[in-house]
Each structure stands twice: as structure tokens, then as C-alpha cells.
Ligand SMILES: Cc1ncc(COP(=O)(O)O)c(C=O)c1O
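Quick setup: one chain, the form predicted on its own, written in C-alpha cells, and binding and motion questions come after.
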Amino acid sequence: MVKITDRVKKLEFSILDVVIAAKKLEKEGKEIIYLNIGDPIQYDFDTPQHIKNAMIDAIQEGFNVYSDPRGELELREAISEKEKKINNIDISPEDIIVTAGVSEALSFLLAAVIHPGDEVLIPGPAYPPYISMTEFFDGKPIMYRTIEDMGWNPDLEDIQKKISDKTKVLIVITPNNPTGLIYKEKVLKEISDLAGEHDILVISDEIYDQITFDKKHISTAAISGDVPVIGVNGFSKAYLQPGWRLGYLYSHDPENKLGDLLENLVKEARIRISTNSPAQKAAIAALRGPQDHIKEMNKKLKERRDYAIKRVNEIEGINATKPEGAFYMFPRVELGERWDNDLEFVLDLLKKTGVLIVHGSGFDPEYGSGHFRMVFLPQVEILEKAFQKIEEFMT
């Protein structure tokens, strides 16, 4: 009766796809150590109490109505304040649209700017939805090389080489998921200049902007000059609200080169009516309330990062570069003749040890191949247990 579209059939999300095998083993009684998904709440982190209270108060006080499709004005004002204070970006509330997480922001953007056959430059490896959503909207993902031996820094020559007359969007993810790289100011400026020279829209994903360890995050829009940048960000990570599904996009376009893009994005926001209204009240409390939890979270994560990077590099056949932000590592594994590919390695590890990680080719079949992504969110004791299992498995 129903013919399913190719765009849906092709959809993949490696981070959750591997969970299917893990849940099956768990039902059979096997203990699983989940190191696959960047959800701090699944470990020993919790949403700050003042944010929870604000959500409860909003519900109790009757703020359960549809809200402004663009997002509540007070929240957009708070976002504007935060971006100025944290990232040195001057944007007004009118430049901001509140979305159901970064995923909806990305969906809005690609739906608005990608025509069939248009190309999107994406760092390889990258967070998988950038690849799958580009294809979903009939675009073509073009992966630009990032150099593992240089901490996964972008290969600017490769970006330039891959720009064509079909290139419409260039994606930046900093701090990076899955590698943990924080893009240097010089690199961001060169990327912005390239985009400006070729009239390419820059989309900068900065949801990990406040989760950094060794150096400060620099926002793309803060150094792009007159080159327009659409920034995407949210509350899942630094504010520990992953299940609340709240994010935002903003337009930094000082010379109005993007024309009526923002107003057309608002049309998409109207079609879905609004995002979660009580959660928006809580997000205001998150931005304007105490920020102590961020410092404490980063302290815990740095300790776990330092342990994890030391421990993983002690295992023969695996090595990794040190992440500078976010909470992921992207180690390389020597597959040898034992495994045909990294997915086979991940599933074999899961079956024999119960440790669940994500295959690197799910983040890019070329530049992610032969790697895996794992989180270092759990307590050191859990990480120690996982690494012991991985080491025994490798030897």
C-alpha cells in the first residue's frame, strides 16, 4: 500500500543504531557499559536544582500554552546576553530562533538553503546527522579532511580544493564532536575568509562552547567579520538538560548578506507551532541563574579525560589524541586481519565484553574509518573497568 521514500530508507544514526545490539544482549543477561552517547544524565551528572524548580514553577503557574514560534522574548534576550558574555557575539533577540535542540535547528537550516544536488562541506569525521540530514534534503555531503596527527585540525588546502560552484554550506563543529578539538582562531578566520570569498554560508555548531579543558573556545561569528555565520547551540550539554530538547540558532549577518533567510526559518518555526513552553522558562533560569555547576562539571570531566587518554594509549593496538573540549575521544584501532572494519570491531567488543562504543565509520566512512568514539563521562571506576575489558579483549 505504502511506498517508503528513499530519503527515509537511507537514514542512519550510528550512535543509537549500535544500541539495538546492546539491548538484545542486555535482555539475555549481559552487563553493558554504555560509552556510546553524550548524555551526561546517564552518568553521575544532574540538572541543577534551580533549573528544575523553574520548570516546575512554570507548569504550576500555568505556563503550559503555545509560546511564540521564535521562542519566548525573555529567553531570546537571555541567549543574546549569554552569547555576548561567553562568546563575544553581538546579536539581538530578533536574530535568534529557539528550537527543539540543535537537531531541529539543523533541519530548519538545511531545508531552507539546500536545493537538489547542492553540496555541503562537513568536517571528516563529524556528528552523523550533518551527513544524513544533508542527504535527506537531497544535498550532497562533501567531507573535508581533518588531520589526526595534528589533533584533528582541518586541512585548509583540502577545504579549498573541494569548494565547487555547487558548494552552498560549510559546517564547523567546535569544540568538535567526535574528536574534542577546539578550532584555533587562525583556522576559523581562514575558513571564514574562504567562505566569504566563495559566498558560502557558514554553520557553526558550538553546543560544547562551555565544556573546555586546556584552552578557551572561540566562536566563529566573533571573528568572521562581515562573513555571515549561522550559529547553533543548546542546553543539553553545559546546562545538563538533554531530554528537555531545547536549543537555538542565531544569525550573525552584519551586512544583511543572507537576505530573508531568517524570516523563512521563522516560517518553519511557525509550522511546528512552538518548542516546549515550560522548558523555555527553565532555560531562562539556566542562563541567568548560578553557573557554578559548569566549573564543577569541567573539573570532573578533565580528571576523567586525563585518566581515559592515559589509559587508552596504554592498550596495544589503540591510540588517541587528547581532546580539548566536549566529552569524547576518537581513538584509532589497528584492525589487522582480525576485523574487516571498525563496525565489526565494535560489535565483537560488545559481544565479548559488554562495552558499547561507536564505530568511527559512522562519523564518516573515509576519515572516520578504523576508529571508534567513546565518551569519558562515567566515573573513573567505571572507565577503569571498561578499559580493563578492552585491554583483555585486544590481547
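Quick note: we count residues from 1 along the sequence shown, nothing fancier. No experiment lies behind these values; they were computed from the predicted model shown.
The same protein has a further form, the form predicted together with the named molecule, not shown here; the description that follows concerns it.
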Position in contact with the named molecule when the complex is considered in the model of the complex, options Y183, Y127, Y144, Y239, heavy atoms within 4.5 Å: Y127
Position in contact with the named molecule when the complex is considered in the model of the complex, options G101, G151, G289, P278, heavy atoms within 4.5 Å: G101
The named molecule in the model of the complex: contacting segment from 76-84, 256-264, 136-144, 173-181, heavy atom within 4.5 Å: 173-181
Contact flag, D209 vs the named molecule in the model of the complex, heavy atom cut 4.5 Å: no
Touches the named molecule in the model of the complex: Y328 (any heavy atom, 4.5 Å): yes
4.5 angstroms heavy atom contact with the named molecule in the model of the complex for R245: yes
Members of 187-206 lying within 4.5 angstroms of the named molecule, judged by heavy atom, in the model of the complex: D205
